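Consider the single chain below, provided in C-alpha cells and representing the form predicted on its own.
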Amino acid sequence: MKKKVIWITGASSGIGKCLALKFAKEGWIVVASARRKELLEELNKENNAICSFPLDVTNVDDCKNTFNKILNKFEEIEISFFCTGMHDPSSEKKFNLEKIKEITEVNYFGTLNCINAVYNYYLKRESGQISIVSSVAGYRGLPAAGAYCASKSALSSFAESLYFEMKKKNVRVSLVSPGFIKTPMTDQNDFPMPMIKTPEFAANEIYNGLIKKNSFEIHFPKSFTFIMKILKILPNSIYFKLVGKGMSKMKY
C-alpha cells in the first residue's frame, strides 16, 4: 500500500517538528519545510521518513518552486499543513513598525504564499486537506501582541472563506487554534501562561483532529480554549475590564 504524504511548513521546531515526528511514526511520508536547513537535516536523522525541503515562506516564487519539487518527487500530497509563525512581544510593546510588518509578512502572507502554491493542485485533485495554524490569540486583541493577534485573526477569517471554496471540490480546510504551547516562540513571553502544554501534546491533538475527526477547527487544550471562546463573545466593556484586571495582578 502506497504511503500517504503530508507537507508541513515551520517544521524545524515546536509544533511543526513534533507533528512531523508524529506523522512519520504513524507511517506517513513527511515533507518538512523551514528556513533552517540544518535543523531539517537533524529531523531527517531522527526519522528517515521525514524529507527535508528548505523554504522561505515570504518568497512567493520559492513556495511555488518548492511545492513543484515536492509534487514531482511524491506525485500526491494528501495534507498540506501550514505552521510557520513568529512573535516578538518585546518589539510590540514599543510599537516597532518594522517588526510588526515582519510578523505580518511571515504569519499571514507567508501562509498565503503557501496556499497560493497548492491552490490549483487541490482544486484539480478534488480531495485532500489544507490545514492552517492560527491561534486562540486570533480571537481577540491581547496586550503586547497586536501584530501577532491581527495576523492570526486574519488567518482564521481567510481559512473560513477558503473553506467554502474548497468544499465545492471535496477538499477539506481545517483551522488549528492552539492555546499556550511550550515552544521557542512562547519562551519569549515574560508572563505566566495558563494551562501551557507540550508540543508533543499539541501534535497528538492535531493528528487526531486531522485524521480521526472532521471538524473545521482543531483547538486545544479545551479547558483553556473554551474560556477564550467565551471571552471572544463578551461585550467590549466587560472584556477590557477583565483583561485589565488580569494585567494589573500580573503587574504587566
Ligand SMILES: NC(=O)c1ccc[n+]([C@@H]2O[C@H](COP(=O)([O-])OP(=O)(O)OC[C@H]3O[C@@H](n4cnc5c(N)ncnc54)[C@H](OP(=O)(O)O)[C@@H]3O)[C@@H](O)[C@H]2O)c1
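Everything quoted here is computed from the prediction, not taken from an experiment. Residue indices: 1-based, along the sequence shown.
Not pictured, yet referred to below: the form predicted in complex with the ligand.
Asks: In the predicted complex, does every one of Arg36, Val106 and Ile181 come within 4.5 Å of the ligand, counting any heavy atom?
Replies: Result yes, every residue of the spot touches the ligand.
Asks: Exactly one stretch in 207-215, 66-74, 48-56, 24-32 has heavy atoms within 4.5 Å of the ligand in the predicted complex; which is it?
Replies: Looking at the partner contacts, the answer comes out as 48-56.
Asks: Heavy atoms within 4.5 Å of the ligand in the predicted complex: does Tyr148 have any?
Replies: Contact check for Tyr148: yes, within 4.5 Å of the ligand in the predicted complex.
Asks: So, Thr186 and the ligand: in the predicted complex, are they within 4.5 Å at any heavy atom pair?
Replies: Contact check for Thr186: yes, within 4.5 Å of the ligand in the predicted complex.
Asks: Check Leu19 for me: does it contact the ligand in the predicted complex (non-hydrogen atoms, 4.5 angstroms)?
Replies: No - in the predicted complex, heavy atoms of Leu19 and the ligand never come within 4.5 Å of each other.
Asks: Ser80: heavy atom within 4.5 Å of the ligand in the predicted complex?
Replies: So Ser80 does not count as contacting the ligand.
Asks: Going through 133-156, which residues have a heavy atom within 4.5 Å of the ligand in the predicted complex? Please give them in sequence order.
Replies: Heavy-atom contacts within 4.5 Å come from Val133, Ser134, Ser135, Tyr148, Lys152.
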